[in-house]
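The chain below stands alone and is given in structure tokens; this is the form predicted alone.
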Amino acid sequence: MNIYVTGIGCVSSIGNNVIDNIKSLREKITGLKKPIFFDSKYASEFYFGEVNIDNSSLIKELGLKNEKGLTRTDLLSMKAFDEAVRCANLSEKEISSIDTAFISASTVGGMCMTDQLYNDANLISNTKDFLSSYSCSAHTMKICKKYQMKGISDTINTACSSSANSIMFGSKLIRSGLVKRAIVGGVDSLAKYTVNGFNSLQILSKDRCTPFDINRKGLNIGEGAAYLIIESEDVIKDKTCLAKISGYGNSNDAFHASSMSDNAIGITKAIINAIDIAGIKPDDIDYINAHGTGTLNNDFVELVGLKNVFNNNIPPFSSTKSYTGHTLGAAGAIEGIYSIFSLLHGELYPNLNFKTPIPDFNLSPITKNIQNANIKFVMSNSYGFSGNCTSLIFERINNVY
């Protein structure tokens, strides 16, 4: 059964909607800067990919002035969700249908409000508004309530591959015949919890990240949300389709809690599985939107995995995290949408800040905008802590957005 993408919504540090994200990618505008809204002692020390809109403005834009206990995670997810369902022209009846699944993802959840939760739980504050907002799935439940969704719903947390896995899971639900469509994606917001955690691992960069560069110093944490509307060929009728989901693969190398094995067991298997499900050959992949975080371990191991599968014919690749930072649980969906941009417009977006290849491979990512590229298959890679590796394959079906 063929599965098509009929709608997309995206908010990131390079754009508050789909069109602004495309514009920034084309103009090589990075969203990595010192944050304005994020309150942390590290705000002046590191670069972050902060969404350029404050919570009050989000609440006003979404018409949620009377809602209580809303976190930034909730707000970013609702903004991207709303754009996606509008893009797909989904009716309220279709959204709430038992045939529509909602599979979201997050690693942060309501932990962006840890201080407020502590105050509420210990009766330091005058409210208890955020006690129900702390969980990973809080944003999912709030969206389900807002739209009166009755279908299958779930929230995935597999670290940095979370929303890639939500896309894969939604696709499997459709192919199994359990649902006719799925709204899939994820969200993460900047939070002291994650920033402090990554800092303790000593993998945050004080400069803008440089994926796949020999002198890479680490990652920049970003925030954002993205959702894709995916539908069975049986129900799309005369809708405009943006891309086809042709393949997906997931594997885990079970090597270490925060790094992947040097021989890239999980990465290799995830890529091979995705190619097999798509029914294509490795040579058919025209471009890879790489995971490319800018850390020593990740970039090296990802190149090992690409070498294992593609040998000396590795397709053009780049990491768009050099624009947005690492958006954690939202990364797979955001980068999946960027992969669809490449298919729709025949564009490849450069890996910013790259200068010198890693000597073991002597491979350079794309460093310039490429236009009018003949791209049919794009692979998007997302790899998480504990070696949870996922690869998605998107296929071109038209050239106009």
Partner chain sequence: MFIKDTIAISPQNTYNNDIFSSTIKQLYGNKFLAIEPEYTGIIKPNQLRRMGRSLRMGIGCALPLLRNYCNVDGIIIGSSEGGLEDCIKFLNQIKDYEEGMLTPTNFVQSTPNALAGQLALLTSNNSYNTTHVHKGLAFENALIDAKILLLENKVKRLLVGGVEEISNYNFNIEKSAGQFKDKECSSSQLIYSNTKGTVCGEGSTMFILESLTGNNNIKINDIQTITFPTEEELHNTAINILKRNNLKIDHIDILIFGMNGDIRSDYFYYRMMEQLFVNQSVLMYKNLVGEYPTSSAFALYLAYNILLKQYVPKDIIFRQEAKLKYNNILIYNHYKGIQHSFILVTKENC
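Here the structure is a predicted model, which is why all the values come from computation and not from measurement. Positions refer to the first chain, counted from 1.
Below: the form predicted in complex with the partner chain, not depicted.
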**Item:** Y134: touches the partner chain in the model of the complex, heavy atom cutoff 4.5 angstroms
**Value:** yes
**Item:** Contact of S40 with the partner chain in the model of the complex (heavy atom, 4.5 Å)
**Value:** yes
**Message:** Please tell me whether any heavy atom belonging to K145 falls inside 4.5 Å of a heavy atom of the partner chain, as the geometry stands in the model of the complex.
**Reply:** yes
**Item:** the partner chain contact in the model of the complex: A159, any heavy atom under 4.5 Å
**Value:** yes
**Message:** So if I measure heavy atom distances to the partner chain in the model of the complex, which of the stretches 41-49, 369-377, 332-340, 353-361 falls within 4.5 Å?
**Reply:** 41-49
**Prompt:** Check M1, I236 and N298: does every one of them have a heavy atom within 4.5 Å of the partner chain in the model of the complex?
**Reply:** no
**Residue (of S205, T194, S232, N308) lying close to the partner chain in the model of the complex, criterion heavy atoms within 4.5 Å** = T194
**Complete:** Checking V85, I314, V304, M149 against the partner chain in the model of the complex, the residue with a non-hydrogen atom inside 4.5 angstroms turns out to be M149
**Item:** Stretch 357-390 - residues with a heavy atom within 4.5 Å of the partner chain in the model of the complex
**Value:** F385, S386, N388
